[in-house]
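Just the one chain here, laid out as structure tokens, in the form predicted on its own.
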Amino acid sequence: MAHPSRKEYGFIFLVLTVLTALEVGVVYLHIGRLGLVTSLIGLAVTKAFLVGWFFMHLKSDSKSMKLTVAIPFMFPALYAFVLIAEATWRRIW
């Protein structure tokens, strides 16, 4: 198993910094509440994936270990989607 280099860690740190800046910038755009929530959730999930893939070294783990992490990760995302959909439905009706 090859260990990540400092260059790779630095690049991922830079990407995470840019994604964080995008999250802050998205708040100031006038894209509506649904667009805001959708883009913030998408950016957060992307950042979480990058942290798991590179800093938790899932990139070089076996497929079963990747699934052990990925499958439970989907449940909070699904739960958040259901809560957002339910809150949106209540506002409409």
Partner chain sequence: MSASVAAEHADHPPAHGHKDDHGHAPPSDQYGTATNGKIAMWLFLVSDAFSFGGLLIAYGILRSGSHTWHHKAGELGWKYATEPKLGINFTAGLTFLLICSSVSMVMAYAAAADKDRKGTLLWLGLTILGGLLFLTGQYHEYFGIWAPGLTKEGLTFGHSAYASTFYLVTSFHGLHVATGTLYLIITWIRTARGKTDETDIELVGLFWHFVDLVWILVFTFIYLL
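Rigid core here is just the name for the largest C-alpha set that superposes within 1.5 Å across the two forms. Numbering follows the first chain given and starts at 1. In this text the structure is predicted, and so the values were computed from the model without any measurement.
The following text describes the form predicted together with its partner chain, which does not appear among the structures shown.
In the predicted complex, its partner chain sits within 4.5 Å of a heavy atom belonging to I41. The closest non-hydrogen atom of I31 lies beyond 4.5 Å of its partner chain in the predicted complex. Contact residues in stretch 62-85 (any heavy atom within 4.5 Å of its partner chain, taken in the predicted complex) are S62, S64, M65, T68, V69, P72, F73, P76, Y79, A80, L83, I84. When the rigid core is held fixed, the Cα atom of F13 travels less than 2 angstroms between the shown form and the other one. Once both forms are fitted on their rigid core, the CA atom of P76 lies 2 Å or more apart between the shown form and the other one.
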